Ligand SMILES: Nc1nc2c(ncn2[C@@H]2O[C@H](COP(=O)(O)OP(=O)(O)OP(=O)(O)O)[C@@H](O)[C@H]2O)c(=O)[nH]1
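Okay, here we've got a single chain as structure tokens, the form predicted on its own, with questions on binding and movement later.
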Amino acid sequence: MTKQDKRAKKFGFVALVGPPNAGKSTLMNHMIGTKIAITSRKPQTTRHRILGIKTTDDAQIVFVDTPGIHDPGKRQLNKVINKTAINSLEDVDIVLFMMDDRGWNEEVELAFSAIGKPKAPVYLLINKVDKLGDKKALLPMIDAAQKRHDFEQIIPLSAMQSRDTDALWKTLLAALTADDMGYGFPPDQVTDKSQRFLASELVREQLFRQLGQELPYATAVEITRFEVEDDDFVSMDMTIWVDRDGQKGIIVGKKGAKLKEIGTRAREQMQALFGKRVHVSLWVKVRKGWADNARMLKSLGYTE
């Protein structure tokens, strides 16, 4: 064992939390250098807690990407998503609460109130500062935030343009303590999620990107077959669940063109991520009320 192996290493869990569309998943993907979490411009793209693991010679930080906290209304799916985000704050070492260039609004206030008083120190990240024409606009945002909570630090950045993210990494390293326990995960591991999960998420990402505002919110993806046929090829069948008959036609498109495009784009992303040839077969099925059915939510992986 080398001297470098013997020395104390820094290790910790860092939760990314905040309202929908604040840029949490984009930031996590950048920080670990690999696309793990799906992204889109549509709010509530992230529905699950996802770990992204970055390892260096002397540190390992596990980023906990969480769904955007929002007004759940009456729908059971929304309630489960919120609880997933809030429960993810247990036992983390640092909380990064994210908002964007729109400032401290009602949506941000709702999300911040929902997390209560975490045990870990809370840092505020103001994301998307590249959209601010006048950087002086940051001053009232910072002032409003400071009046709301005594944050450890307030850090403006742009996750999309990688602006000030290196400074964020140094801030996190400085806040974590070193010990002799070493890393919590193997150095080559970048997430806790399986290829099966990541494949279903990449299809869901294409639903967001190809359908835009037409996308029905009550849409889920279920893998019904996932087979690694050899070291270089994986084949899978997936079902896209919707809530109403009319939504099926939106996803399938004219003569199946939209569904084909979704499958093609998702397959390309899977091949890039897995480093294997991929075959994907997609079907769209209707199950009314699935987003309020506790049993189906559990079978689709939505747990609290």
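In case it trips you up, residue 1 is the first one in the sequence shown, and so on. No experiment lies behind these values; they were computed from the predicted model shown.
Form predicted in complex with this ligand: not shown, discussed below.
Interface residue among 44, 271, 235, 264, judged by heavy atoms within 4.5 Å of this ligand in the predicted complex: 44. Contact with this ligand in the predicted complex, judged by any heavy atom within 4.5 Å, is made by just one of 85, 207, 159, 124: 159. A residue is said to contact a partner when one of its heavy atoms sits within 4.5 Å of a partner heavy atom; residue 12 fails this definition for this ligand in the predicted complex, lying far away. A residue is said to contact a partner when one of its heavy atoms sits within 4.5 Å of a partner heavy atom; residue 52 fails this definition for this ligand in the predicted complex, lying far away. This ligand is not drawn, but in the predicted complex it has a heavy atom within 4.5 Å of residue 26.
Taking non-hydrogen atoms only, residue 119 never approaches this ligand to within 4.5 angstroms in the predicted complex. Heavy atoms within 4.5 Å of this ligand in the predicted complex are found in one stretch of 271-279, 52-60, 243-251, 66-74, which is 66-74.
If you take 127-143 and check each residue for a heavy atom within 4.5 Å of this ligand in the predicted complex, you get 127, 128, 130, 131, in sequence order.
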